[in-house]
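Quick heads-up: the structure tokens below are two forms of one chain, split into structure 1 and structure 2.
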Structure 1
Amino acid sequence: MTRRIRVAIFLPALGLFGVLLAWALVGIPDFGHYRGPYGYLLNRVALPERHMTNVVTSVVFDYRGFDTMGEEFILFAAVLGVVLLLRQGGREQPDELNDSVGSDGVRIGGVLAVGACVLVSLWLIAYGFVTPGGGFQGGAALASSVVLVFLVSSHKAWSGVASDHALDPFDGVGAGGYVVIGLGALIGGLPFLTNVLGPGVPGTLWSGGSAAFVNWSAGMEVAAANLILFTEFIDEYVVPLAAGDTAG
């Protein structure tokens, strides 16, 4: 089938699809007039019952914590998949790759920046139950800040920070920790993922109860998973480059 035939069949179908979609969308209650009841109920009860000021995080890690466990495992499985695909055939690590950034100023500034970003990320995870943030956002931010190490220093420094030997345990423990906390409640005779330690003190680090631990394990998992992913891609990029250097 040529491209022209494909587009000729596709455009009318897409038009019909769009019309149907629009027909559905105009049936939604007017913008800004959400009718509930789910969200309104949670907004009402989350603070009094769970002592968490950030309702979104309480939904993510407490009310619908089981969904989040599934999402976390999507991350986990996708990373396993990327590793499986990119690490086929046991790629060699380059011995030495002279790609360090020349200026000391850049390096010092970079290290400071990395430190600051890491601190902000940890703060995002820790105070997720109080202010915007939480394990998912903080974990992603943490991984992003560690990638800065690669950008401001050398590949050598990077591979010291992010090797799969160091990261895989975090990945596994983060994902497994979530399940173990859930199972803990189950062994105690309560439903899976029951928040046994809550409610905590509103506005503090411990406002989450045991959901705070869930939050931290999710943060660990998200950060480790993203870092493994970035490591795999960076190696994919750097290693052939290094091989090219030595050959040329």
Structure 2
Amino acid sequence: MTRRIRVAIFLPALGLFGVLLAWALVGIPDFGHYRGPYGYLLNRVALPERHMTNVVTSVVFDYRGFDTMGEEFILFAAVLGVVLLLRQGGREQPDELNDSVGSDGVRIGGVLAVGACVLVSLWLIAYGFVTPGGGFQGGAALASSVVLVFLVSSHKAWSGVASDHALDPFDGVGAGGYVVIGLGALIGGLPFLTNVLGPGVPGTLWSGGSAAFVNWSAGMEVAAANLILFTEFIDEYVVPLAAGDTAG
């Protein structure tokens, strides 16, 4: 297919998408004028029924936990597809890559920032049923925290903490753990993903019951999936450029 044909197909599709997007934006309610009765209902029942003060996370991992499992496997499949595309031709790592950050201040500050960001990310996951956060937000933040190792140190240091052999099992366990927790409820004679440990105590780490394990599984899968993507793109695009600069 020539470039002209691709452009001819793309432009009408882009125009249609633009019309649909404008139509959707015009129909958005004004700020402060929420029209969803579902949200008002959940605000009234989430705390007494589930003992979770964060209503959003209670919806994601409890009320509609089965739907969230589908979203998690969409991410898993998307990452798998990207990895297959980027790895199909194989890649050769340079024998020596001189990309270390030279500033001691940046390296020291960056290392401290990595620890602080990882701690905040784990807090976002752990307190997902208490305050704004949860497995998806915390997992994305955790992946970004680890990327700081590459930005403030070197590719060699990054490879030590984000190798394929280390990340692939976490990605699989995170996605599979979600299903295993649901099957545990079935084995106990309850519906899939039923909170078998009860609602717990509001405002504490125990407020999620067994849904907390679902939350942590999602956080693990999101963090590992994003790190796998970062690793593939860095090794496929950034490293060859850096190697070329070093050779030049």
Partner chain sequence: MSWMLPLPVVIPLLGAAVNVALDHVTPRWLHTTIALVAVTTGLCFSIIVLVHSMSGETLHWFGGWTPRSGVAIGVGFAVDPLGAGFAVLACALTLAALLYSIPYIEAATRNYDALVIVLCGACCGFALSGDLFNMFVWLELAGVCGYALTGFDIRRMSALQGAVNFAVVNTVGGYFVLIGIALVYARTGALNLAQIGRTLSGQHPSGLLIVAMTLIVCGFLCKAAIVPFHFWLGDAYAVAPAPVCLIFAGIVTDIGLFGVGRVWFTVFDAPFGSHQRFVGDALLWLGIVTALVGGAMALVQQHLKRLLAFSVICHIGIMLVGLGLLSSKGVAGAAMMLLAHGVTTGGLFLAAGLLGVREPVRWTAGLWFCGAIALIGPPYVGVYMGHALIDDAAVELGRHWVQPLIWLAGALAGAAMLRAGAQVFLGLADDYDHGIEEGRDGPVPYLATITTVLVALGTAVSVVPGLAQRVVRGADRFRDRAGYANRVLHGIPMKESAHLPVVLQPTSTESLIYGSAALVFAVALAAFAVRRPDAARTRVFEPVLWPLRQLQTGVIGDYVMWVVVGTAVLGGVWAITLR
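Numbering runs along the sequence of structure 1, starting at 1. Here the rigid core means the biggest group of C-alpha atoms that line up within 1.5 Å when the two forms are laid on top of each other. As the structure is a prediction and not an experimental result, all values here were calculated from the model.
J.: Between the two structures, is it 1 or 2 that corresponds to the form predicted in complex with its partner chain?
T.: Structure 1 is the matching one, since it is the form predicted in complex with its partner chain.
J.: Kindly check if the Cα atom of Phe233 is displaced 2 angstroms or more between the two structures relative to the superposed rigid core.
T.: Not so; Phe233 is displaced by less than 2 Å.
J.: Rigid-core fit: what Cα movement does Gly18 have between the two structures, in Å to one decimal?
T.: C-alpha shift for Gly18: 7.6 Å.
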